[in-house]
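A single chain comes next, written as structure tokens; it is the form predicted alone.
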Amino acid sequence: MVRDFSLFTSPGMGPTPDGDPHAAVACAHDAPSIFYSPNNTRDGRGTWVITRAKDQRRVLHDTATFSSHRSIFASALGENWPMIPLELDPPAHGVFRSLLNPLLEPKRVMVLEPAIRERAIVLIDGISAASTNCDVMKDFAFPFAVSIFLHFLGLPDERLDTFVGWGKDLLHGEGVKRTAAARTIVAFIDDLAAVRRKEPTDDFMTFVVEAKVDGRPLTDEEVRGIGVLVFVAGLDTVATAIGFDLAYLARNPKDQQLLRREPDRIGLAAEELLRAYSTVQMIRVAKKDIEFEGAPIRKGDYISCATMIANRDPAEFENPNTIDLAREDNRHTAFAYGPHRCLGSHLARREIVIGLEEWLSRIPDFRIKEDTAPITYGGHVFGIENLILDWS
């Protein structure tokens, strides 16, 4: 049951010009439905790899057997506090999710939508006025997604580049660089919380420091756990999704033209692109010894539920490696599944759809600039960089 497989080191997972890590990782479906990978985390730990979507849903739903608490951020500091609510198990998870849900529910996202669209328009019009090509990750995807997150936290755009740098070092850096980024982010969140306690405003962090659960104020560690999760979640994933989507459309002009002619399709198309270009590996920790689909999982073992594998499962999706922008009944797990399904998914969806709508309506036919090759990579969060689009 042991396979030579890793989201970090298998072929196609390292930085690769014109790479396609999602297609490369689909090879996992040539393996049994569950196998053991001796090296499948950033720090070189082994995981059980769940390859079937139905089995991943079973793991992600069974919080009594599989814990979500891995201290994925705090471990970089040699500490063991959870990002909240992601790394809390029920019943504590439900308490904090109920607290934070009103801030990210669909009605709240609708209120934010005009500001999100305005930000997209300003960025794209600036790009269009300046040139007929751009590095879409540097000039649009990251500034767009991160500025929305900064607006949510109540922070100005001036430090956008700094925050993006911290996020890249944390999520994609190694060793000393990752630890240093984690310390910097913790210090920033702690300082921001202290400022908001003294000078409250109408923003997310003020809500958190003034919130109560079970009739008591949140502890400093709980405030930190929430702040760090929002910071990390807002920095990378939406920008990366927009990057993969625009790279696909640049390489597939017929689908690009289809969405230009029929922009009402963009919402459905975005779901298919989320399926095909899912970016996050979720890890669970076994709370007890259990046999799962014939595998002898022991207490403390890591279990990998990689969204990019589940969403290319041929038992779940017809022709999973074909991107069909009209695909219906798209039960992808790009935002996870079960009680820990991404709390920010409604906001992320609207950011992606609005970003595509405004890009397609304001930028003429685009392609990847000749003699350039976007670099893709695997890992805990898949990514793309150096994506130069040209519409000259």
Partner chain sequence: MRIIVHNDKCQGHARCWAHAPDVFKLDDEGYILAGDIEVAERDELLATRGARSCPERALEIDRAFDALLDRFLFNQACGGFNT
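Positions refer to the first chain, counted from 1. Remember, it's a predicted structure, so these values are computed and weren't measured experimentally.
Unshown form predicted together with its partner chain; subsequent notes refer to it.
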{"query": "Residue contact check: residue 168 to its partner chain in the model of the complex, 4.5 Å heavy atom", "finding": "no"}
{"query": "Residue contact check: residue 138 to its partner chain in the model of the complex, 4.5 Å heavy atom", "finding": "no"}
{"query": "Partner proximity in the model of the complex: residue 65 to its partner chain, non-hydrogen atom cutoff 4.5 Å", "finding": "no"}
{"query": "4.5 Å heavy atom contact, residue 30 and its partner chain in the model of the complex", "finding": "no"}
{"query": "Joint contact, 57, 98 and 349 to its partner chain in the model of the complex, by non-hydrogen atom at 4.5 Å", "finding": "yes"}
{"query": "Interface segment, criterion being heavy atoms within 4.5 Å of its partner chain in the model of the complex, picked from 326 to 334, 40 to 48, 22 to 30, 356 to 364", "finding": "326 to 334"}
{"query": "Single option in 78, 217, 253, 102 placed near its partner chain in the model of the complex, where near means a heavy atom within 4.5 Å", "finding": "102"}
{"query": "Partner-contacting position among 175, 90, 314, 106 - heavy atom within 4.5 Å of its partner chain in the model of the complex", "finding": "106"}
{"query": "Residues of stretch 262 to 286 in contact with its partner chain in the model of the complex (4.5 Å, non-hydrogen atom)", "finding": "268, 271"}
